[in-house]
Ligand code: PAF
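There is one chain below, alone, in structure tokens, taken in the form predicted on its own.
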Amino acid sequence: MTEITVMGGGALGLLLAAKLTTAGHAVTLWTRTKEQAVRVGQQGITIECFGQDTPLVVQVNALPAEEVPSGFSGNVLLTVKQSAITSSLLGFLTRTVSDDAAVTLFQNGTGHIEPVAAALPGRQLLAAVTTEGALRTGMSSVRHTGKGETWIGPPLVTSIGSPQSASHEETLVRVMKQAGFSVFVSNAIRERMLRKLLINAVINPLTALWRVSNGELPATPERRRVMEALFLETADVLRSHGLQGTESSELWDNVLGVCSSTADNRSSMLQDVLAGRETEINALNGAICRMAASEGKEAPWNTAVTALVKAILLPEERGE
């Protein structure tokens, strides 16, 4: 039995905690609020899986962050949004995660690895890119909306003094496969992250602005023209920051392929907008704008969608 902690009670966190528990592993869910921890502890996690008529209720141990003891030495799967990786959260991880633990980052976008690495010297740091589809339907319930793939590997930036052993990486891949996930080890995880950033930077803001599912996004010529303009600009910026020289047509086909394979999914940004929550726009299209600026370039399409998505919520709703 492998000891695993999932930090973050959003859609992906609930999905991972439930499925890893059903595979027989000792899983603890760390939640931001005590209310969610109590709900999960009392009711378990209800998971609706595609292709199955009856939801499954999984009993999962849950603790609010304020009650987590120090000294955890297993695998920590960090599934919170990138915007939640604040100095407060980093301080919490520094206090609670021991030197021989591993932390796997499931965040979208870029720019989150470096501060985590600096805050957690000695811990093994891994990055994960996943295309699993999940929708949180309640405080302790989740719908697995689409089966995807997950890649795990060491990021280019690792925490100072971190061990080079692959034991945590191998363990995580093994237990996730046991839980039914398609998981692969990647020695080019940075490339995977940039490719996913490209896909997310096109799909997420446009579905949020137009209130459409992924499959509905390319449904009209007008939408496809906007998609392609945003795609071409984003791909050009990312190539200056390490995206390999894959033909644009292949990358564009990847975007359309995700729209097709996750046709019924609502993007995480659309879910956030509909729920009145802060979005990850700064970590996605905002990051593209910053990358472009560092190269002396302009990114008008990314600038526009960043402003439009941010304008949906009032400043107090964005935590400003």
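Predicted, not measured: the structure shown is a model, and the values here were computed from it. Quick note: we count residues from 1 along the sequence shown, nothing fancier.
This next part talks about the form predicted in complex with this ligand, which is not shown.
- [ ] Using heavy atoms only and a 4.5 Å cut-off, determine which of V142, L120, I203, M176 is in contact with this ligand in the predicted bound form.
- [x] Of the candidates V142, L120, I203, M176, I203 is the one lying within 4.5 Å of this ligand in the predicted bound form.
- [ ] With this ligand left out of view, choose which of T262, N282, T28, Q36 has a non-hydrogen atom within 4.5 angstroms of it in the predicted bound form.
- [x] Here the answer is residue option T262.
Task: T234, heavy atom within 4.5 angstroms of this ligand in the predicted bound form - done: Result no; T234 lies far from this ligand in the predicted bound form.
Open item on the list: Although the partner isn't part of this model, could you tell me whether V258 comes within 4.5 Å of this ligand in the predicted bound form, counting any heavy atom of the residue?
Closed with: Contact check for V258: yes, within 4.5 Å of this ligand in the predicted bound form.
Task: Exercise: N214 in contact with this ligand in the predicted bound form, heavy atom 4.5 Å - done: Judged by the heavy-atom cut-off of 4.5 Å, N214 is in contact with this ligand in the predicted bound form.
- [ ] Answer with yes or no whether S186 is in contact with this ligand in the predicted bound form, where contact means some heavy atom within 4.5 Å.
- [x] No, S186 sits far enough from this ligand in the predicted bound form that none of its heavy atoms falls within 4.5 Å.
Task: in the predicted bound form, segment of 217-225, 193-201, 80-88, 236-244 with a heavy atom within 4.5 Å of this ligand - done: Within 4.5 Å of the partner lies stretch 193-201.
- [ ] Can you tell me which bits of 268-282 touch this ligand in the predicted bound form, meaning any heavy atom within 4.5 Å?
- [x] Just S268.
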